[in-house]
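We begin with a single chain expressed as structure tokens, specifically the form predicted on its own.
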Amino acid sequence: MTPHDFDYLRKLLRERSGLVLSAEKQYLAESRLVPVARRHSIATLGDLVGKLRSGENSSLATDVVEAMATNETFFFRDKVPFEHFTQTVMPALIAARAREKHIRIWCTAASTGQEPYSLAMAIRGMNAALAGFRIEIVATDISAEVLARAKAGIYSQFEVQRGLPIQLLVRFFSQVGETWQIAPEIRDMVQFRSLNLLKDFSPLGTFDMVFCRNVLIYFDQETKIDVLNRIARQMPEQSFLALGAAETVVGLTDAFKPMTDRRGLYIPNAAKRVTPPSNILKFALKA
């Protein structure tokens, strides 16, 4: 792949997925795109870029974007966000939604499903507190390939050993040969949908909790601002946003503000919104 070809590829990735690929990552692009070229019976990466330029094969462009996406994930990844979820977020939302008894959660980059399934298992552990509640978990990703794996809910021994407590493995998984199948009761709690965060996601509706972890780090500043502001429009004041450890809203948008002593957790900025009477923020900050 020539530097000129790589520059074109970088531009395509940014326009199609928001992924910003630095100049020194040409080796990464080449290693990930060789299998794509083989799958499409293309002899060289130069030829692959040529076909991308021609625009005659839309499935090729989709496969290239999916191949370059980073799908690193594991059950209960980083632990702290899930502690915040069970100890701070859910108690606050249970109190705030006591009347309608309906809570909606969005995982914006679900990958192979470990994050939304971790949330579903955590919710199952709160059955008594959630009696009568309807909980929706919507999990989205740009990659059709990883979503297919997520919907199947089948994981290798290595994958279930990464972050999944043994008691949850025993309770919610059954062994099938050398793999593990997640229980239907957990799988049925999650709605998986294909979604590109660069495009309009308002049809998804509003959410009480949004997990947008380890996504923004791949975007440029302009895209980060746009995505955060559009997420804010999908959230009522009484809601929560979780970002990754290396991500923040600070310096990007004033639609959210950090929660004191809750790393990576944010709430809508009441000073920038019309605020209906509520005690949810006081409850959350005390939790």
Partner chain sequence: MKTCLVVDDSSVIRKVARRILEGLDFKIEEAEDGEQALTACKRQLPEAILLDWNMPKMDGFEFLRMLRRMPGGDGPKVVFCTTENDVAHIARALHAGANEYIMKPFDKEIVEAKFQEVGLI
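Numbering follows the first chain given and starts at 1. Source: prediction; values computed, not measured.
The form predicted in complex with the partner chain is left out here; the points below concern that form.
The candidate stretches are 94 to 102, 113 to 121, 212 to 220, 150 to 158, and the one lying within 4.5 Å of the partner chain in the predicted complex by heavy atoms is 150 to 158. When you look in the predicted complex, the only residue of Leu164, Val89, Val138, Ile142 with a non-hydrogen atom within 4.5 Å of the partner chain is Leu164. The three residues Lys199, Phe256 and Asn269 each lack any heavy atom within 4.5 Å of the partner chain in the predicted complex. In the predicted complex, none of the heavy atoms of Asn127 sits within 4.5 Å of a heavy atom of the partner chain.
Taking the partner from the other structure, the partner chain in the predicted complex has no heavy atom within 4.5 Å of any heavy atom of Arg193. The partner chain is not shown here, but in the predicted complex it comes within 4.5 Å of a heavy atom of Lys79. When contacts are judged by a 4.5 Å heavy atom cut-off, Thr206 does not count as touching the partner chain in the predicted complex. Residues of 179 to 197 placing a heavy atom within 4.5 Å of the partner chain in the predicted complex: Trp180 alone.
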